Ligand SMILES: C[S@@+](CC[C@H](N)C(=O)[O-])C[C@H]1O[C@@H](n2cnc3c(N)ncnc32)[C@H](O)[C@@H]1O
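For reference, the chain that follows is the form predicted on its own, supplied as structure tokens.
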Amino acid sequence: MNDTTNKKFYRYDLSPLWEIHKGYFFESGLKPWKSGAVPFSGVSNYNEAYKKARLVIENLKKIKKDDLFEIKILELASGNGEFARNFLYVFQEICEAESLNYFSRLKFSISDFSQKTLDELKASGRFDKFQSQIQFECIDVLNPQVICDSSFDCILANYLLDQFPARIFVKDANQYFEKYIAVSDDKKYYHPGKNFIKRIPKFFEFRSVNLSQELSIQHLDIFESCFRTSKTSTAVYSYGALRVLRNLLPKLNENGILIMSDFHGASRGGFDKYEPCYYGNSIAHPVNFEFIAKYFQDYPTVILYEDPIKPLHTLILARPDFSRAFELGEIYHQVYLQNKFIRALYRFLVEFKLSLYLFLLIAFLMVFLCTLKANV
């Protein structure tokens, strides 16, 4: 058992690990992607780009705009530009196949919060073919004032929401606890080598908290509904991800849409440490999409999709004054139907399991009572 007597514990979201994480992406340029330390292909490949391009185009058809208007799309946290490149290729292909003039009107903003990453991406030549369509912008999504253009038709992001600090809470009966973390200050672990953040010894403890004093009333009611009702469970409070979404919505035009894909973190049983994934010297923490979807549930367009194969969720969101009919598109509609069936089957199996247990309990009691009566 680890001795934590002299350790300095931090609230999980205020841990020094997050500073290491932020500095890693700010200073490393394209190296994390070139070395394979940071995964990207799962959500940046041609198929994922096609799904999102098709979704965007189907909704552009609903907007009655003059052909002189530019179509403005922003991708946040573009990283090595793999998704942006695939998106531009497939967007052009669809427009040519359907005789649409959208590609010639497209202005696609490739962004990252690291100027070094953007400079290296510009110099890579990967976007030379699309010079007339693209521009590069250094954007910190936690500081929305730096986004000058507030009329995007679409804002895209992959693996962005999992990059922001989150708090970890446990509900045990009527008590709440919060995860705290201490990390070793032994300098031998802190070196510029690969993946040192994962090897740093970490120590955890859960401290009792009054949740109503930690969260606003609006967040409290929603977040409490994310815990399991019948037993002790742990849930992620993704306040950083929510803050980013709230910052971005005003940057959409009236009929614009926001499309975000990331990994979902559902509630877990017991006092779960909810360890993040460590990529290179970065942290990727699952996003509580249930909390986020419930927060925006009164908006005219808030859709949450689960990939039936991977634990990937895609959030589709629009401003409160979204005024037109939303077109989901054939591919995401298929995903919806698949998951509707899977969720229904899961509920049936859960209920069947509970019914089976109840039947066995009643049968056992009847046998016990009959045996007891026979002995009397």
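All residue numbers refer to positions in the sequence shown, first residue = 1. Small disclaimer: the values here were computed from a predicted structure and weren't measured.
Although not depicted, the form predicted together with this ligand is the subject of the following passage.
For a residue to qualify, one of its non-hydrogen atoms must sit within 4.5 Å of this ligand in the predicted bound form; none of Asn255, Ile303 and Phe326 qualifies. Among the residues Asp140, Glu93, Asp185, Asp172, the one placing a heavy atom within 4.5 Å of this ligand in the predicted bound form is Asp140.
Only one of the listed residues (Gly79, Gly280, Pro286, Gly240) places a non-hydrogen atom within 4.5 angstroms of this ligand in the predicted bound form, and that residue is Gly79. Under a 4.5 angstroms non-hydrogen atom cutoff, this ligand in the predicted bound form lacks Leu245 among its neighbouring residues.
A residue is said to contact a partner when one of its heavy atoms sits within 4.5 Å of a partner heavy atom; Ser44 meets this definition for this ligand in the predicted bound form. In the predicted bound form, at least one heavy atom of Phe25 sits within 4.5 Å of this ligand. Put simply, Phe130 is far from this ligand in the predicted bound form: not one heavy atom of it is within 4.5 Å. Look at 111-119, 226-234, 177-185, 202-210: in the predicted bound form, residues with non-hydrogen atoms within 4.5 angstroms of this ligand sit in 111-119. Taking a 4.5 Å heavy atom cutoff to this ligand in the predicted bound form, the contacting residues in 158-181 are Asn158, Tyr159, Leu160, Gln163, Phe164.
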